[in-house]
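Next up: just one chain, as structure tokens, the form predicted on its own.
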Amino acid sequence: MSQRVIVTGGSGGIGAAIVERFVADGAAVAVLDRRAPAGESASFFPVDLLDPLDTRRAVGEAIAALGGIDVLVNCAGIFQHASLLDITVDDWDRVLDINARATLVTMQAVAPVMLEARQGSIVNIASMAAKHGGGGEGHYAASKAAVVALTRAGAQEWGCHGITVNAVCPGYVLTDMGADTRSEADIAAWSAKSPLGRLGIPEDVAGVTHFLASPAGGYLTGQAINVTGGMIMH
């Protein structure tokens, strides 16, 4: 039986690559996002992740359409560059609500179904910022550290029911998010931080995400896997 997969933020960037990877493996995929994905390989459920009730509604509709759920991938997120002194309360709330609170809400929404089935895999897309970030992105780094903490909590609480929960921590991946704040000089400087001498591509993250949700990754749980080209090694 093919996997039934929900991907939040699956309409572009890393999320779209994750959707494509699962579809290529024969999975039935539902995308939860503000805008529809470009292709027709996945079903689409519009959602406002700032609204917990709407988030639960969309997850419930996706599960019903798929006939259950085997995998949840939380990929939706936002980035904002700001110094600590410039972060407003509204900035903090928006970044934390979308990146961290929505992750909690979707995990809560799928868990009862996975617990009843006594199987399932959750993969939360965090960031290298969870381990190394902070300067110029304090609220973003805090939100992604919260995602890693939620991942560990889910792994500890639900592992005895056959559910794995892992996080992926990408490094610099060239997507539309953050495009307005980077320059060619930034790209060259970031590439030099990797022993491999390059930045990541969405497919790098998609491959690890798919592995964690596959039988081959079945003995991994509570992990925060670096996909950073060696920029972070802990």
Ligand SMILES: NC(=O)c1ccc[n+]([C@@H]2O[C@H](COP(=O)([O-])OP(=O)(O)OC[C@H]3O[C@@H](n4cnc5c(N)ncnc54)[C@H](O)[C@@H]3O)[C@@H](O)[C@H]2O)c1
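Residue indices: 1-based, along the sequence shown. None of the values given here were measured: they were computed from a predicted structure.
Unshown form predicted together with this ligand; subsequent notes refer to it.
In plain terms, the part of the chain that comes close to this ligand in the predicted complex, with a heavy atom within 4.5 Å, is 164-172 out of 64-72, 186-194, 164-172, 22-30. The candidate spot formed by G9, G13 and I125 lies fully in contact with this ligand in the predicted complex, as each residue has a heavy atom within 4.5 Å of it. In terms of contact with this ligand in the predicted complex, the residue from A142, V110, A76, A155 that brings a heavy atom within 4.5 Å is A76. None of the heavy atoms of E203 is located within 4.5 Å of this ligand in the predicted complex. This ligand in the predicted complex is approached by V47, whose closest heavy atom lies within 4.5 angstroms of it.
Within 4.5 Å of any heavy atom of this ligand in the predicted complex lies no heavy atom of D180. This ligand in the predicted complex comes within 4.5 Å of a heavy atom belonging to D176. Although this ligand is not shown here, in the predicted complex the stretch 87-118 places heavy atoms of just one residue, I98, within 4.5 Å of it.
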